[in-house]
Every structure is written in structure tokens, then in C-alpha cells.
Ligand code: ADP
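We begin with a single chain expressed as C-alpha cells, specifically the form predicted on its own.
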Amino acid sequence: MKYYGGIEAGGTKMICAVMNEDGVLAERFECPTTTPEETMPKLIHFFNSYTIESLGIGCFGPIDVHKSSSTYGHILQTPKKAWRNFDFLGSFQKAFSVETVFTTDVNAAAYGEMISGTATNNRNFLYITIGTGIGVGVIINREIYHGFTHPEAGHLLIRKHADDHFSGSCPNHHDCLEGLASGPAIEARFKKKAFDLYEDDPFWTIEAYYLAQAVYNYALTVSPECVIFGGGVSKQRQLLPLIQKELEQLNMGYIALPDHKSFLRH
């Protein structure tokens, strides 16, 4: 029996899995994302239990995705300072002599939506995760898009809401999209997690305003057929309708947006 490994390296936790050649999950493992010294041995130990044929890695960013670069496979200037400039891919290549694929965690999620999720019939779309950070995976003509680097569209500079006096939590940009609308930004505001806020809390209108700005900027520049939301914060059922309302107000009829029932997805 052949086995294949996969890693979702997130900012909060690492999830590893092995599946067999029939696509059946053999085993799953997760642990907190603390420091490379603590976390990496646990991941390698998990895969040592199997003879894997290949390994796919989706990693929190920013990361170096260019194979010709001297820092290919490294995590770059991430807000998680313990992981800055860490050779994530290289650590696994030293431990396992198998084919590896390395991209961002949100690109991996977007690719999964294209292969077997809500975007199987779409050629061009975005996947936005709103959780520990905000990340965006871009699929163009059914291929993961990279330019001089992978998109870091979670750090868009956006307009502040008139009723929002929070200075922002991003260590690099303070009040960028991630600094205002991510899970840690919400927790820094209220000293509680997003899922502890009431559904009718006025803040959700502010959150929707920020996310709608991002969607509108993506709509104008990338023209996606749909935008898929993932991550813990996006699980708030009231959020998508609020984003749609804010999006329509921002657009003011300028471009013909796709039908909202198919455009914004979860």
C-alpha cells in the first residue's frame, strides 16, 4: 500500500495527515504552532510512522515559493516572529527523500475547493481565510497564481470605519485588513474571541465593512467568478449577508457583480 502525506501549517496549529493510494485517510495528527524547536520534531515523528511517496505542504506566510531562490521553502517576515526566516520545507527534505510540493496554506485550501469543493466548476476565483490571520489564495485559469511572490492580499490597506477607534494589531502595518479584521484583532478589541460576540453585536457591521472593501478591491482587480470564505471568523452566519450589503453600497452600481448567491460562498 502506498501512502501520501499532507501538512496544513497554520498560525495556530499544525495538522498532518496520511492517506493511502485509494484516497482513504490513514491517520491524522495535530499540535499547536509554538516554535520550530518544539513543533518540528513532532511533525517529523508523525510521518516517520509511514513510508510516504510524497508530501504536500500548505504553510502560513509569507513564504518563498520560487524554486530558483536561495530561500525557497523558507517562512519569511511572518508576524509569528519565532518562525521568521525558518527553512520549513528544507527541514522535511532533510528528513524524507520524497517529492515535496510547497505553497501557502490558503493556496492549498483554494486548490482543494477547486478539486473537490465549492469551486469545481470555476476557472477563476479567490479563497479568503479569516482566522489567526487573513490570507487569500488566487486561482487563475485553474492554476495557483504567483507573481514575484504569492499574493499577500490579507494585508490590503483599507479605509477605517468611522466608528472604529482600534489602532490595529498587525505588527507591520497596524491597521491593514488583517490588523483590523482577523481573529486576533477582534480578540484585542474585546478581550474575547469572535465566537463569543453576540450575533447582533454592532461590531459585525464594522467587520463586514472591512471585508467588503477587500472583496470589492479583488473584484475590480482580479474579476473572480466567486469569492469563498473560510476560517473561524467567517463561520458567523450573519457575516456573509452583511458583507453583501456593504459590497453593494461600495459598488454603487459601477460594475455588474455576479449574483450574490453564487458570488460570496462559504
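From 1 onward, residues are counted along the sequence shown. Note that this is a predicted model, so its numbers are computed, not measured.
The same protein also has a form predicted together with the named molecule, omitted here; what follows describes it.
Proximity to the named molecule in the model of the complex holds for all of T132, P184 and G231, with the criterion being a heavy atom within 4.5 Å. Put simply, of R28, H45, K235, H66 only one has a heavy atom within 4.5 Å of the named molecule in the model of the complex, and it is K235. Screening H146, H174, R142, K193 for any heavy atom within 4.5 Å of the named molecule in the model of the complex leaves a single hit, K193. Residue heavy atoms within 4.5 Å of the named molecule in the model of the complex occur in exactly one stretch of 67-75, 158-166, 185-193, 88-96, and that stretch is 185-193.
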